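Next up: a single chain in structure tokens, the form predicted alone.
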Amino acid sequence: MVEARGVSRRFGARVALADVSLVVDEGEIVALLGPNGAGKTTLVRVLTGLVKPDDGSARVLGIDTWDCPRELRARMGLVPSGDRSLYLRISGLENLVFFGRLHGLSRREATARAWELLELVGLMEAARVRSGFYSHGMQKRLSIARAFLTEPSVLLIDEATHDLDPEAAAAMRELVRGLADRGAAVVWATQRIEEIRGFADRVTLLRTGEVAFSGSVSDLIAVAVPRRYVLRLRNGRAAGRELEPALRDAIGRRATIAAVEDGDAEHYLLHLAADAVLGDVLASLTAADVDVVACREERSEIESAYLNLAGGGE
């Protein structure tokens, strides 16, 4: 339903996309990850027909996006990264009715659909308020409602949850998941790494305009190489930073360790050397009469994988 093949796009001397390919099937959510400047927004704009690729091709529902006819646009929903595509001098309700009319709905149909969507995104009480007075989060919810106006077959979303609180973000993901379950193909561009777990079916990660990874979420997690851990230690002797010299002597050059003050327990950040094994380091601490109460990765597996692939390093 969505297909990009070898897409490249340059803006002057800057390469925004370089030989990028992406395929999204019916009922599938593909997360598009990457840091700022990686090319996510440019790819979304190519898929909507707003930007023409210099090389390669982009097709939605079998139609070249640059030749995008009105009939195709009515079957596509777009949630842009900014809020400048709304008319800020009219109300949220009037915005939705206006865009519904552009898609060919009658005024009665557009108004009924607008009220239905305002309720879905939690904007009923602000329906008649000028959207210019909306918070960024409210404007984002209005953009999501607009994208749902025609029950689109393809949904393209750029940072949908950036300005939303966790509860509202979860509600938006539920709406999108429901649309995908009804057969829509979804491209979900985001920097909120953790939200793709249990939500996205596949992931494409961009780095400086190129595809650094493409596969399932579980395959992405497999890329993670955790090296940083948070330890909770007790030894019944010296407390706080006075214990650090003894810890450093115990682990040697296999890791670095530093105290993190946190209440009545001893929390430490352990950073393993490249060739070190976590079990060996913990065994050395135990041999030095230090009780390892708890141990966890400092970052989630997805975040670690993201940083490895996106070049974030430490």
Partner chain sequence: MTSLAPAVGPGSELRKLAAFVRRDFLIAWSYRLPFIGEWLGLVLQAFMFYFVGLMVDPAKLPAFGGDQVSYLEFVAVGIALAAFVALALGRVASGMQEEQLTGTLESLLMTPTSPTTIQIGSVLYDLIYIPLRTAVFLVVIAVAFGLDFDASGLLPASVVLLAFIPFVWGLGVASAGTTLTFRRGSGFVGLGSSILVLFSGAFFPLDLLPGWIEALASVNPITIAVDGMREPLLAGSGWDGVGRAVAVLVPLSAVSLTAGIVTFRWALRRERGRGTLGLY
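Numbering follows the first chain given and starts at 1. Just so you know, these numbers come straight off a predicted model, no measurement behind them.
Quick note: we don't show the form predicted in complex with the partner chain, though the next part is all about it.
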- Note on the structure: Among 183-191, 209-217, 163-171, 131-139, the stretch whose residues bring a heavy atom within 4.5 Å of the partner chain in the predicted bound form is 183-191
- Message: Quick check on this chain: which one of Glu119, Glu151, Asp201, Glu244 has a heavy atom within 4.5 Å of the partner chain in the predicted bound form?
- Response: Glu151
- Query: Taking the shortest heavy atom distance, is Arg108 within 4.5 Å of the partner chain in the predicted bound form?
  - Reply: no
- Message: Is Arg228 near the partner chain? Define near as a heavy atom within 4.5 Å, in the predicted bound form.
- Response: no
- Non-hydrogen atom contact Leu102 with the partner chain in the predicted bound form at 4.5 angstroms: yes
- Task: Spell out, yes or no, whether the shortest heavy atom distance between Leu78 and the partner chain in the predicted bound form is within 4.5 Å.
- Result: yes
- Message: Pick out the residues of 30-49 whose heavy atoms come within 4.5 Å of the partner chain in the predicted bound form.
- Response: Arg45, Thr48, Gly49
